[in-house]
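There is one chain below, alone, in structure tokens, taken in the form predicted alone.
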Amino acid sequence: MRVAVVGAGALGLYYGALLQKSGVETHFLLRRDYDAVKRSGLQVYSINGDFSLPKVHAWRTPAEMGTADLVIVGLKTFANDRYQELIAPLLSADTVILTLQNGLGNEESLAELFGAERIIGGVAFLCSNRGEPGNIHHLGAGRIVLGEFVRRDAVQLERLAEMFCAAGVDCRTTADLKRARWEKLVWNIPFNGLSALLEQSVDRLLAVPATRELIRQIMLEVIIAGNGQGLNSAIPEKFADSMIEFTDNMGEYRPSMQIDREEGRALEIGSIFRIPLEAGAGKGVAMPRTGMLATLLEQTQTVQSA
């Protein structure tokens, strides 16, 4: 299989590196890391063992990459308006597109451009950060849940899961992609939002009882909204407690949105906050804490751009 990684940040570089290490022909579309990777390859520092890839297929433009059997999309969702430009040159008649992006609405946008039958959604539970160009730090987790956007080929889905498993990724499939998306939002909305707003790592948030309880209340809002979306099975309330316990073991982890704010980049407010808020409102579910977070984060962007 020939794999193209579009959006090769902390997520795309990490999973792409694992695929290449396992023997999969993997190509990376790079910007900031291009010169370093062409010169010295990729270095991964991981809790599962460090490794390096001295030679990597690195490209500056999609046109140079050629078509692929699988396109993995790891773009920040505020760059989704570049889908056509970045993905179309990589497609043949049978190319599958896998989005590992955060939030809601990505599969729908890809399907509108390229056809629903070739879209697979993936929810990645990964703690990783970029270091110096060409360096990735894997700090924890890494599980991927894959689901078809429309029911088409369960065998193909299982083969993709097997490919990731062979690369050392805990990968499984689901018949309810929507539920998996909302489960990820249960973590993403409070931790990405509060860490970015307060510029504090997850351990500092959880160390304060009042903030810890606020996180749980936001999670419960998200669970109620998610359960109103016609999921195959409801997300239980205790899922919030399991996510908090999971995060207790992360240490001084800075979520991606916190890093983006600290480095002056745009934030993924639309996909992680505004679209879920609209989905909740559409089912009559109020999410006041989530709405306040979104508004305050948008204010930080307004101040930053002023």
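None of these values were measured; they are calculated from a predicted model. One-based numbering along the sequence shown.
Not on display, but discussed next: the form predicted together with a further copy of the same chain.
Note on contacts: among A175, L113, A154, V208, the single residue with a heavy atom within 4.5 Å of a further copy of the same chain in the predicted complex is V208.
Note on the partner interface in the predicted complex: the residue among N80, N129, N227, Q200 having a heavy atom within 4.5 angstroms of a further copy of the same chain is Q200. With a further copy of the same chain omitted here, the record of contacts in the predicted complex names 190-198 of 177-185, 230-238, 190-198, 99-107, defined by a heavy atom within 4.5 Å.
In the predicted complex, a further copy of the same chain stays beyond 4.5 Å of every heavy atom belonging to K21.
Residue contact with a further copy of the same chain in the predicted complex: G282 places no heavy atom within 4.5 Å of it. Mapping the unseen interface onto this chain, L220 falls outside it, with no heavy atom inside 4.5 Å of a further copy of the same chain in the predicted complex. A residue is said to contact a partner when one of its heavy atoms sits within 4.5 Å of a partner heavy atom; L293 meets this definition for a further copy of the same chain in the predicted complex.
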